[in-house]
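Presented below, as structure tokens, is a lone chain in the form predicted alone.
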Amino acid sequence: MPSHRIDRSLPACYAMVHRGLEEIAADEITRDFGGEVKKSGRGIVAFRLPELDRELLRLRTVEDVFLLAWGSDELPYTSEALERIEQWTRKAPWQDLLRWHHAIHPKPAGKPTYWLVAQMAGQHGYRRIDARRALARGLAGVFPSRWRMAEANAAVEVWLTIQGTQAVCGLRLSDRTMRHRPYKREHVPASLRPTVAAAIVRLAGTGPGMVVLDSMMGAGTILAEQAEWARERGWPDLHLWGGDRDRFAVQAALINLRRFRPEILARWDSCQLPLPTNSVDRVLCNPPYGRQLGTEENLHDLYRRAVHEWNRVLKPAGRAVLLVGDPRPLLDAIRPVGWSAQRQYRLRLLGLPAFLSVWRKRDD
């Protein structure tokens, strides 16, 4: 979508992302969609777009996207918050938002359905069910009596998300396919979320004709997102190389990557790659975390041997984007090869800490 003047008559939107990836999602919104980010933090990015249509659903680094009804950074922790939720909800421009929602998602046949979702994080002087009831009171009269509530596959979903004193409310525009890609038919334990893989690809800065390697590919999610990135930009000659030591992971990747036709998809030891020296432009990888290997000593040994091999196959000035749980073994492994740090992010993935980093090999 080309960048041009923002139409202030269009409703604002917000996206929910993994904590720590707000900057990367904001970059996608502004650079690829011509948007204007108004605020970001705590896993939420608020923005406006020059146009509002189904193209919005092509965002790849976000989990869900919404039309913004209201938001606040000053919601009390006490039960006084319930009155404010009700008041702010009652004042929101629901009919305008519903018209925009129906323009993007036409009404289904039969009786329309809706559902209310309330999410809370942190300690409060009220319960999540109390917040949902306050939301429902604020919505009184918004949905005609012929509409019925339906938790599964509702045509319209109103979401209220509360994190400490921050609250945001809106109409959900996305569905599960935004974060669960159609290509991902097979999974392996600890399989990477596609939105996180998309963030990794975005940081990689790949270009036409490059060779991209994921030597511990699991179900192939990073390579699939890299292939989608190249397809959207019309690059027919990006080279995808992937492998894993687990034969079940390779089988899963074969199914998930079938339509992307990677050049190499192999079962191998990632610390002894059957690849030429200086043959790879980008290494993108989510290696196993400590809990997957059993001991910290095993983790240090794996990372040390893997980084040594990545350094061998990377071309001079090549880039590596790596996602790990504990950064210390990775930093210890990188120090001897002399890579320079480009960017680093602290994340929360499924409630657990993670470390996402971008590195550049020396060009000598």
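Numbers follow the displayed sequence, beginning with 1. Just so it is clear, the structure is predicted and the values come from calculations on it, not from any experiment.
In what follows, reference is made to the form predicted together with a small molecule, a form of this protein that is not presented.
Shown without its partner, this chain lists T89, T206, S270, Q166 as candidates; in the predicted bound form, only S270 has a non-hydrogen atom within 4.5 angstroms of the small molecule. Exactly one listed residue, out of A190, V117, I255, I104, brings a non-hydrogen atom to within 4.5 Å of the small molecule in the predicted bound form: A190. At the 4.5 Å threshold, heavy atoms of L302 reach the small molecule in the predicted bound form. Contact between L265 and the small molecule in the predicted bound form is not found at the 4.5 Å heavy atom cutoff. Although the partner is absent here, R245 lies within 4.5 Å of the small molecule in the predicted bound form, judged by heavy atoms.
Using a 4.5 angstroms threshold between heavy atoms, Q226 stays clear of the small molecule in the predicted bound form.
Between 208-216, 146-154, 121-129, 108-116, the stretch whose residues reach within 4.5 angstroms of the small molecule in the predicted bound form through a non-hydrogen atom is 208-216.
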